[in-house]
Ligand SMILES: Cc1cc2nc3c(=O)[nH]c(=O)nc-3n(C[C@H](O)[C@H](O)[C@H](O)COP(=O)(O)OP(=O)(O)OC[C@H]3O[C@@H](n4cnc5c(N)ncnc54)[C@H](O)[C@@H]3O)c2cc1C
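In the block that follows, a single chain appears as structure tokens, in the form predicted alone.
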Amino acid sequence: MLEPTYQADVVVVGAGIAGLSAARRLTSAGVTTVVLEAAHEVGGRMATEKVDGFRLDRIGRLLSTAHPELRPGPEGPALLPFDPGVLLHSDGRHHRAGVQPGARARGTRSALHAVRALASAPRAGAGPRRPAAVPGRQVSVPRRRSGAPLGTAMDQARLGAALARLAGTPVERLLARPELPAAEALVARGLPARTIDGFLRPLLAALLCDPDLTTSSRCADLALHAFASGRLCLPEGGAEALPQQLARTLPPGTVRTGVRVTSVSTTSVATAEHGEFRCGAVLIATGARAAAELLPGLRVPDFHPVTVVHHTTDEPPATGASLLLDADRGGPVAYTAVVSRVDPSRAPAGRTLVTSTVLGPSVPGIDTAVRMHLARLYGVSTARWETLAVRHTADAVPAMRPPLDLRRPVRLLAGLYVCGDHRDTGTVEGALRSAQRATAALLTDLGVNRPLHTADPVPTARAA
């Protein structure tokens, strides 16, 4: 029996958020497209596991509404912000880091608001207060230090003004700055050491999944630009909601799961069990390792490993829907949140979901170490918390160390293209940008002159 042969203008290999975004742009331009995915579900690393009514993200990257494709639209999953924003744990206390400046369109009012919000943190020199004791709860004993994590009131105002200026700085100007490792760049920018160590280091570690901040300062600048321009958020229903919504916007039959690609050329894609797909061009939109298997010679970067630990409890910590960072770096947890407060759909009624992220290699006994750290961070006993899942991903985030070309080639030759977070900044937003660049190059080579909707957002219902 002859193997079946399929026809399409473009075959996209990989149904992660980059491949689905590229397919959406191609079909919007009138290009017939087929997306092939080896797994039985779309999403790639943006996967969400269902356990006893809970929705547990495997990696759970922090998103920002600053990227055009993550801004709210008329339908689909909501992007739910951390509210009031970021809390810093230091000296046994929680310090509010202020409300994010928000969209750049707010202009001067955003800058003033940011300065005032950041200046409202505890005054420097004020002795740390012991948290109120609660029966049955552990309370961490504060160590005396001078100043809040953000430094003095003047330091906080300077930081607020710097973030507001950053929000209004064009991206190309950011990319023209001298490049250093992110940790060195923070010092070179002249901000106070207390502000750097107490806020910017833990924040950037969370945004970049890089505890040592070896990432290029260009990636760090873009991450801070997104933080200052938008709001940190989670997609309603789990990380999978975004790729699933993208898949639903495609014409029926575009996405084919359970199809394993074995080789590619500029005019065809061979699969293990589904024959050959003939086409006019091929776009590889997988992770870096899988892409290198199909494209010998493609550079595979190092990766930042990530472990995500999910707990449930009947007594939710009193931090609300904030993102909690450890300014003291006193344990394995880089950041944590009561995510069921941010997104109630992630936990059954009456239950609480606490999700914590550990950066770095997996170590034995990680759950015990995380529980001890969370007890200090939240100021409660975690002895009765139930562990729902511990998920370690070794290749979670591509390492983007300097020197770094943030616009790595997406056109390998006419008819063969590649996109993904490994071709840009190593973030979800970077994956989307690389998809935009790859489809633009592909459409040019195909001679498609129709307008490409480059700023269409992922359809979302609301921004709560």
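These numbers come from a predicted model, not from an experiment. Sequential numbering from 1, following the sequence displayed.
If you look for the form predicted together with this ligand, you will not find it shown, but the lines that follow are about it.
**Q** At 4.5 Å between heavy atoms, is L36 in contact with this ligand in the predicted complex?
**A** Contact check for L36: yes, within 4.5 Å of this ligand in the predicted complex.
**Q** In the predicted complex, does V309 have a heavy atom within 4.5 Å of this ligand?
**A** Contact check for V309: no, nothing within 4.5 Å of this ligand in the predicted complex.
**Q** Find out whether any non-hydrogen atom of G43 is located within 4.5 angstroms of this ligand in the predicted complex, and reply yes or no.
**A** Flag for G43 set to yes.
**Q** Might D424 be said to contact this ligand in the predicted complex, defining contact as any heavy atom within 4.5 Å?
**A** No - in the predicted complex, heavy atoms of D424 and this ligand never come within 4.5 Å of each other.
**Q** Tell me which stretch of 394 to 402, 48 to 56, 407 to 415, 26 to 34 has a heavy atom within 4.5 angstroms of this ligand in the predicted complex.
**A** Answer to the contact question: 394 to 402.
**Q** Going by heavy atom distances of 4.5 angstroms or less, which of V259, L87, V338, A183 would be at the interface with this ligand in the predicted complex?
**A** Result of the distance check: V259.
**Q** Within 408 to 431, which residues come within 4.5 Å of this ligand in the predicted complex, counting heavy atoms only?
**A** Heavy-atom contacts within 4.5 Å come from G420, D421, G426, T427, V428, E429, A431.
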